[in-house]
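Given as C-alpha cells, the chain that follows is alone and in the form predicted alone.
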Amino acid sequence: MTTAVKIRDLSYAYPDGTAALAGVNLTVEAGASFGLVGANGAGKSTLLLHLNGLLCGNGTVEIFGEAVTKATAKKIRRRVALLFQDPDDMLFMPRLEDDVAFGPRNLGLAEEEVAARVRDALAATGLEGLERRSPHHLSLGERRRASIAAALALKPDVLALDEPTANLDGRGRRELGELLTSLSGTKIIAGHDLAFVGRLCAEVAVLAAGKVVALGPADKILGDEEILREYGLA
C-alpha cells in the first residue's frame, strides 16, 4: 500500500513562542479518508498548514515520499489542496468559473485544458449552471462546494479540509458529506463535528496540546467516552 502522507517528529512554535505541535507522528495511506479531531488550540489547523509547506517546522513531512521543504513547496502544492475553514478565503474572483480556473491557469495550462478542468470540477460538485454567478451571491453550502471545485480543478492527490462543516445547517452537512464520499483520492478532514468525521473517515487521530494522544479506527476512538471527555470533545 502506498503512503500518501508521512509525518515524523513534527514540532512547531509560532513566532511569539506559542508551541503548536510537539512531536507529531502520523501516516496516512493513499486513498484513505483520515480524521483529525481535537479541542480548539489542539494544533489541527497548524498541522494541515504543514502538508503543503505553508508552514515548515522541525521534523519531516513527506507527500508520496517527497519531503516538504521550502524548495519543494511549490511542487507539493500541486499535489496537496488545502481548504480553509472559511470558503471566502479561497473565492475572490468576480465569477465562479474564474475562481475555479485560477489554479489551473497559474499552473500554465492551455486554456482548453483549463476549461475542461473547470467543467469537470463544477460537474463533480453539482455547480453546473452557476459558472457566471458571483461566488458571494451563493449560499454558504454552495460556496463550500465552490471552494472544493477550485481545489479539484488542480487535480490534487490529497485534499485537506479544515472544519468543513463550520456554520453549515443539517442539509448542508449532509450534501457536503455526500460530495466528499463521492470523491476519490486521499482526504484529511479536521474538525469538531465528530459525527461528520466518523461517517467519512475510517481512521482518526485525536490531537491535544500539539500531540497525538489517541489514534485508531474512527468507531473505536469516537465511541470512547473517556477519551472524548478527557480531551474536551464531549
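What you see is a predicted model; the values in this text were computed from it and never measured. Quick note: we count residues from 1 along the sequence shown, nothing fancier.
Below, we refer to the form predicted together with a small molecule, which is not included among the displayed structures.
S.K.: 167-175, 197-205, 61-69, 37-45: which one contacts the small molecule in the predicted bound form at 4.5 Å, heavy atom to heavy atom?
M.R.: Among the candidates, contact is made by 37-45.
S.K.: Just one of Val212, Ala20, Ile221, Leu10 has a heavy atom within 4.5 angstroms of the small molecule in the predicted bound form, so which one?
M.R.: Spelling it out, the residue with a heavy atom inside the cut-off is Ala20.
S.K.: Examine Asp16 and determine whether its closest non-hydrogen atom to the small molecule in the predicted bound form is within 4.5 angstroms.
M.R.: Looking in the predicted bound form, residue contacts with the small molecule include Asp16, since a heavy atom lies within 4.5 Å.
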